[in-house]
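Okay, so here's just one chain, in structure tokens, the form predicted on its own.
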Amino acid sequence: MKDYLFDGPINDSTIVSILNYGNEDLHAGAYSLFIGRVRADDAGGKSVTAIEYSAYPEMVASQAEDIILSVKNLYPDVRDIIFLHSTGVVKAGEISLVIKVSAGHRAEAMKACSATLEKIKEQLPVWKKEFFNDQSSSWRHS
């Protein structure tokens, strides 16, 4: 699984595919899963209704590989890391990010999943435009 971007909100069948991916690895004793969704945050008296995610796919692919390699170097017990990040419009309450980490043991899987999330937030070239209930919008880096 080498796709890192998903058009629109990530649906249930895609999450099930991620859950089933790599299950033939009998040395993976633990999976850690993160599912992120768009929150209806309050921003100065208005609330977020949706986020439009934009990305440069070639840069995302390169950066994603770097993120995965750096996390695997930090946590050598990790067997695999996969993730999908939405592009396009995702409404409040819909899923925009899924991360699955497999490792030999649970502690490494959980730590690596958290590290992957932080690195995605810091390094992945994905930008977001938040839309608010007053019809205004604002750009932010993911």
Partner chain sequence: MARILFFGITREITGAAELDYHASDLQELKEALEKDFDRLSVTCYRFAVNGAIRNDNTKLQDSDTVALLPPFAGG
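What you are looking at is a predicted structure, and each value in this text was computed from that prediction instead of being measured. Residue numbers count along the first chain shown, from 1.
Note that the form predicted together with its partner chain isn't included here; everything after this is about it.
So, residue 124 and its partner chain: in the model of the complex, are they within 4.5 Å at any heavy atom pair?
The answer is yes: residue 124 has a heavy atom within 4.5 Å of its partner chain.
Can you check whether residue 75 is within 4.5 Å of its partner chain in the model of the complex, heavy atom basis?
Flag for residue 75 set to no.
Please check if residue 68 has a heavy atom lying within 4.5 Å of any heavy atom of its partner chain in the model of the complex.
No.
Does its partner chain come within 4.5 Å of any heavy atom of residue 59 in the model of the complex?
Because a heavy atom of residue 59 falls inside 4.5 Å of its partner chain in the model of the complex, the answer is yes.
Listed by sequence position, which residues of 82-105 have a non-hydrogen atom within 4.5 angstroms of its partner chain in the model of the complex?
Contacting residues: 85, 97.
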